[in-house]
Structure formats: structure tokens, C-alpha cells
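Have a look below at one chain only, the form predicted on its own, in C-alpha cells format.
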């Protein structure tokens, strides 16, 4: 028999509503079922226990919503991007929506290995009040003025001190219609230097002697990026639409 070639596909999806409470492993199992229900011609691994060839870019924490999640698959054949998106969305529950379906090049790396940064929006939920501080002044003292922001993080075996500022690529504060602060962050993401956005917010308020309730803040991931010689590139811009 000749070698069977597979196409590499990158799928971008949203995760919102009650689905934010579904953990990563359950999302993997859910997507495997959806591939079968949508009759996607997905490729399987070889061996005694074949499984769908599928990998997620950067697992999303429980309770976090997102407009920019990615899963890479391999397929033996594919319909157009438009038809594939339609078929997948027909079998998705409310809270998960497929946004794009693109064919990658044979030599393109999978999304998991490319992840370098992610954009986040953090804001106080409707039932919680934001601490009363001069946000622009705290922003200047905490982030703009210092050349470094040393943070000590407790690991399983020891404590580790690192410069948080090196891992925050952008940090902006805006305000919603009620005047409550909205924080926009681009932070280092991936296997080597993975910075959780809630740690930045926690450190921001701690610099003013304020401890915030983690449950009071909603975290929303806007997009995930790889990096090339020109800068950060959305994983969703890689590959091409199948006509």
C-alpha cells in the first residue's frame, strides 16, 4: 500500500457562557465527538489504541471565556472551509462556536509549539465593585515607571523570583460604561514563560496594599499569537481558506 497523506487543518473557536466551566480534558473529548458527528474525515494515529490526531494550542483555565481558541487536526480529505465550519457548528452546543477552518502547509508547525503570547481582557463582574483607587496613577507607579517588577512565585518545590515586566508585552486600562476599570494585557504564553493574567492584576492591586477576590474578576482571552521576525502573529492568520 502507498503512503496515505493527510492535510493539516487549524480550527479557531469561541468559548463562552456556561461552557467556560468545562475543563480542558472534557473539551478534548467533546471535540472528538463533534468531529465524528460532523463527519469530518479526521486522521487517526496508528497502533493498538488509535486516537484522533488533534492538539490544542494553549489550554484554557476553567472559568475563562475566549474569542481565540485553536485546535489543529489532520484530515484525509476536506470540504471547503465554509462548509466545514457550517457542519461543525451544527453539532456544537451553545457556548462553543467555530470561527475559522484553514489548511496549513505541510511544513507548518502545530499551534501548541508556536504559542508565544496571548491577549486578555479582565474586568470586574456585575455583582462586584472595583476597588476605589486612582487607576492611572497606580498604573504609572506599578508598570510604567519601574524598570523591573520583581515577583516571588511559590512553586511546588520552592520559591521563584522573576521580573514580571519582561513577560508583559502590553498593559492598558480602559473603563466601561459604569466607570469600572477594564484591563487589557498581552502576556507571555507557552511552555517556557507562561504568565497568568490574573497574577498581573493581583500584583497591580497588591502594590497598593489591596487584596482582590479572584472570583470578582472575569478573564476573557481575546487571541493567541505565535512569533516571527516581524513580531507577534495571530495563529488564526496562518494557513489558507479552502475554497
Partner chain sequence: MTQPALKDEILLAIDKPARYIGNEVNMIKKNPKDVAIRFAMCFPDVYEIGMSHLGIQILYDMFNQREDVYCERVYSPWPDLHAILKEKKIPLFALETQQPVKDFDFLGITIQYEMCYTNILQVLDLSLIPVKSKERTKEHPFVIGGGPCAYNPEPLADFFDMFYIGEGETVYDRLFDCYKEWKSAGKSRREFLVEASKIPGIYVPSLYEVTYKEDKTIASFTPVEKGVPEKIQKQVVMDMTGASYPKKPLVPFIKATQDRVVLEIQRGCIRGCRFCQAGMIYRPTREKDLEVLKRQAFHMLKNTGHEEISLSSLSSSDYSDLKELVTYLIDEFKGKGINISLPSLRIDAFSLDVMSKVQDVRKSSLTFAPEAGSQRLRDVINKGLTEEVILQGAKEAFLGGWQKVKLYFMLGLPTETEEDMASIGELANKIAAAYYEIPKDRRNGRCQITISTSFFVPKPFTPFQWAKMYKKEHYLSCAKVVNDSVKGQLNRKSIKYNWHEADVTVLEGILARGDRRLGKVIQRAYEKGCIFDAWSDFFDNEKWMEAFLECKIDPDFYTLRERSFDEILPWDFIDAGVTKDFLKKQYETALAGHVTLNCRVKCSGCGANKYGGGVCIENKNQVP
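Residue numbers count along the first chain shown, from 1. Every value quoted in this text rests on a predicted model; they were computed, and no experiment measured them.
Unshown form predicted together with the partner chain; subsequent notes refer to it.
None of 171 to 179, 185 to 193, 33 to 41, 66 to 74 except one has non-hydrogen atoms within 4.5 angstroms of the partner chain in the predicted complex; the exception is 33 to 41. Using a 4.5 Å cutoff between non-hydrogen atoms, residue 62 counts as a contact of the partner chain in the predicted complex.
Put simply, residue 95 is close to the partner chain in the predicted complex: some heavy atom of it is within 4.5 Å. For residue 29, a non-hydrogen atom is located within 4.5 Å of the partner chain in the predicted complex, even though that partner is not displayed. Using a 4.5 Å cutoff between non-hydrogen atoms, residue 129 does not count as a contact of the partner chain in the predicted complex. When you look in the predicted complex, the only residue of 109, 141, 125, 153 with a non-hydrogen atom within 4.5 Å of the partner chain is 125. Only one of the listed residues (14, 220, 20, 10) places a non-hydrogen atom within 4.5 angstroms of the partner chain in the predicted complex, and that residue is 20.
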